Each structure stands twice: as C-alpha cells, then as structure tokens.
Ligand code: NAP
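Just the one chain here, the form predicted alone, laid out as structure tokens.
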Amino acid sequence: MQNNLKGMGIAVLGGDARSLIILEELVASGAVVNTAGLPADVLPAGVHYFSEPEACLAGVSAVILPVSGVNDKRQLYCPMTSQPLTFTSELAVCFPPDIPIFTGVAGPYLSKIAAESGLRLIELMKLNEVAILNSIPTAEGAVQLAMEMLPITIHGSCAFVLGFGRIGATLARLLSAMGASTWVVARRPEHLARITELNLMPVPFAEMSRYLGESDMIFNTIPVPVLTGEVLDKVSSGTLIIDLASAPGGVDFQRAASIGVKAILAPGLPGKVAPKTAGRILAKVIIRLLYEEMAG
C-alpha cells in the first residue's frame, strides 16, 4: 500500500485480530499510529502503545474504533486484553473536534454519545464497498460452519438462502458453485429475475413456507423475524439454520430448539474465520477515505 498518509496521527482504540492488520497497513502508509486496548506485546513495529485512551488521542487526526463498536455495558470490544476500555461521554470530549471516527456499526449507545458530543462517526459496514468485499469471508465462514456441523457434503445438498442482498448474493453463488441445489428467497421482482438469470431457484418471500421442508440447510441474511414459529414448523428436524443477519437476527431460536431444529446465530464471521483478509479490506477503505480527506 502506498505511503500516502505520511505524518497523519491516527489512534486505534481496542479491536481484535483485524485491528492488528489495520495497524500494520496504517504504519506502512506512513501514518503515526497510537493504540490503546490491545496488548503491547503483539503490536506491529512502529505503533505507539498507550495504557490510557485519553493519552492515545492527543493530537490525532482520526480515530478507529472496533468493528462492533461499543456493547451494552459501554465497553469497546477488546477481546485480546483483560481490561476493556469503557466509552463514556468524558472520553468522547477528549476526541479532537471534527475528526473522522471509524467504526463498523455504531449501535444505539455509541450513536447517542456521538450525537451529544458532536463526534463525526463513519460506519464502515454501511458502505457498499466494505459490505460487498466483507461478504466474501462471511459466505466462506458460513459454508465452513455448515460443513463442520452437518454429516453431508455441500455438493448434492439442498440449501436455502433467505435474502438477496450483498451477503445473500455472494453466498448463493458460492453454494451453487460447490454443487448445492440452491434456492434463494427474495421479495423484489428484480431480485427474483437476477436469481433466475444466475441459474438459481427463485422463491418469492410469501411462498417460502411451501419449500423449506426440503432444505438441508438454511442461511438467513434478513435482519427481521422471518423464521418465526409458524414457518419453522414446516422445517424438518435435521435441517441446520445459520443466521447471518445483524442483531437481533431473523430466527425464533427458542421455537427452533423446542422442535429439534439446530439453529445458530453467527455474527462477525470475517473477523473469526479470515481476520487478515477482513483487516486488509477495512484498512484499504479507511486509508482511501483519509487520503481523500487530506487531499480535499
């Protein structure tokens, strides 16, 4: 990656293995990089470690928060350290004014603090560029889960994908390429037409219940309740359901358990199955946006 952020001060607060890759790419781009909330002994060369986030923020021109933002305990996601960082309004006032602050998805609490403190949040997962590229490790991770949890091969299986957005489209093509009979549930007529053009089996959303009984595996990407108790009653007990939708997901997990259908919620797969790839995707977009900001 080109050294195009030479001298720009950037703080990275918390994060996981993806954040370590982002740190590497930022240093390679010429940025001056501070971090807090990651273990000092795993940091790439050239990164400045701080034990307190307030000191980490001094004089920076951008801040990168974890992909998952802040949890309901007001903590930044810091799985690599035993001392998570608490994100408070007092910490928010330490951010230099009007700088870009990157996160994956802000969530209600972080959005509230940002609005009250005048922070300029950029939610990376809402950018098409990130979401489309991120769909690749998500789809591969979902297939990996299915292969680990089912006693059958993907080839020759009957797979349903609910939703034909960025993840659904990538996942459906992957399943089909692996030899699965792939059915895709969608609402919009143009999506059903594209599904047909891809030689996949289109299923209008209103007719989904008629077909799900044939499935070996169901992948949900729709972030509203779609696999309700009434729909799940049409699913055979040997079916595996993997919910890839953002919280709260689209599956009635309690009902699934009561009828013997295995259903799992699988958020954040890119950071779990391919952190290096996921980190590079995020770093590439962050560096491009910061370079554009410097140039503008």
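In this text the structure is predicted, and so the values were computed from the model without any measurement. Position 1 is the first residue in the sequence shown; the rest follow in order.
One more form of this protein, predicted together with this ligand, exists but is not displayed; see below.
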Legend entry - Segment that reaches this ligand in the model of the complex - one of 146 to 154, 87 to 95, 113 to 121, 222 to 230, heavy atoms within 4.5 Å: 222 to 230
Legend entry - Three-residue site 167, 188 and 267 fully in contact with this ligand in the model of the complex at 4.5 Å by heavy atom: yes
Legend entry - this ligand contact in the model of the complex: residue 33, any heavy atom under 4.5 Å: no
Inset, instruction - With heavy atoms only and a cut-off of 4.5 Å, decide whether residue 244 touches this ligand in the model of the complex. - result: yes
Inset, instruction - Would you check, heavy atoms only and a 4.5 Å threshold, whether residue 104 touches this ligand in the model of the complex? - result: no
Legend entry - in the model of the complex, residue 109 touching this ligand (heavy atom, 4.5 Å): no
